[in-house]
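There is one chain below, alone, in structure tokens, taken in the form predicted alone.
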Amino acid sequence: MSDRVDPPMAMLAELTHRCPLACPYCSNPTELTGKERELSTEAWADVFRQAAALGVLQLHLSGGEPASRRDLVELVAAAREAGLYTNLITSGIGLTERRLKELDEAGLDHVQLSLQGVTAAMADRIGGYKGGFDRKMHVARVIADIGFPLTLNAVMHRANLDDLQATISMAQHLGARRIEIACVQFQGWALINRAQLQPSRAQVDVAKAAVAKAVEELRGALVIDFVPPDYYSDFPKACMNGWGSTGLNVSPDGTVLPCHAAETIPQLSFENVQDLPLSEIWYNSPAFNAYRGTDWLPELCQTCDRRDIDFGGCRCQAMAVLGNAAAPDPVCRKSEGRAVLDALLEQDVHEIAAPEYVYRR
């Protein structure tokens, strides 16, 4: 671990795991936290104050569907009072014109709207919620009328990656300033549905070319962030910009995590903000320090010229594919784990009659 640990810049507050949608790629854990275990309004407000004191600048309010919390307006007001920039990550379901105006008055800075597909048939099938697409389009219009800055978040996979150009066009139509085109990451519910969601190499190649073209054509009009599929990459990404380096997650019951999927690593125990101050957890928690910096890296990564670029990649992906969170990310072409990943990829893309989605419930 480096001697110096900087404060986090951003915090993801997973206010609830409740959600009207049931997306089969949801990053929430397969063991969902019930409403009775969620932090109270007062407890979340205290977390926000602690986060601001720790150095957090940006607060992302997520879920599940954060609009499932009846106190969402109060939570936004508490975050604004703490001095945090607030971004609401939402499916739009549960947001009315009145509620969005209340959120505006409470100080909400930005809205990030998820997109399951560019047609009602696709979006409602993926989301497992009939009528969800039409409600989302209505909410998008209200967001535009109020004047919230809007980011569209489109998770892409085998079923909708061919609609990439239409997805970018929809972002323009809805007045989004930014679109995040994120190919599905195989954790949580997505790992259960990997064979059904895995795109083909041909789809990925076409998508990369389409994104590169759109970035140039729309420069200055629409910011396009593209997260290509890990399994088709030669080298891993710096997951979370490095474990415990720039951000943290707080789950609905107050458990503090370095990333969404960290609880899949069985040898780590995570502290709860109801038991310890957030700053104590960030700086001194054994779980946050487990893979922080580069000292812990295996020899292959220690001698690699990408050591300080990707920090060994994703710990949760190494756990999911190899059963060893301390191994080099199997995406890396230099690692022995790459052969395991290639075998899984070969199996997935040749799955001819994949079963139906296992929906998040």
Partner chain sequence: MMQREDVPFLPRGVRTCFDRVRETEVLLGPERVLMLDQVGVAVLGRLDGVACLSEISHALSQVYDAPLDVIEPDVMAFVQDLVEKGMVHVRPR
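Only a predicted model underlies this, so the values are computations on that prediction, with no experimental measurement involved. Positions refer to the first chain, counted from 1.
One more form of this protein, predicted together with the partner chain, exists but is not displayed; see below.
Annotated contact segment (heavy atom within 4.5 Å of the partner chain in the model of the complex): 177-185, selected among 197-205, 114-122, 177-185, 264-272. Proximity to the partner chain in the model of the complex, defined as a heavy atom within 4.5 Å, holds among Asp253, Asp109, Asp163, Asp230 only for Asp109. Checking Leu32, Ala325, Ala52, Ala45 against the partner chain in the model of the complex, a heavy atom within 4.5 Å turns up for just one residue: Ala52. None of the heavy atoms of Arg69 is located within 4.5 Å of the partner chain in the model of the complex. Interface membership of Leu300, defined by any non-hydrogen atom within 4.5 Å of the partner chain in the model of the complex, is ruled out. In the model of the complex, at least one heavy atom of Pro149 sits within 4.5 Å of the partner chain. With a 4.5 Å cutoff on heavy atoms, Ala171 does not count as touching the partner chain in the model of the complex; it lies far away. Shown without its partner, the chain has Arg219, Gly220, Val223 in segment 214-251 as residues with a non-hydrogen atom within 4.5 angstroms of the partner chain in the model of the complex.
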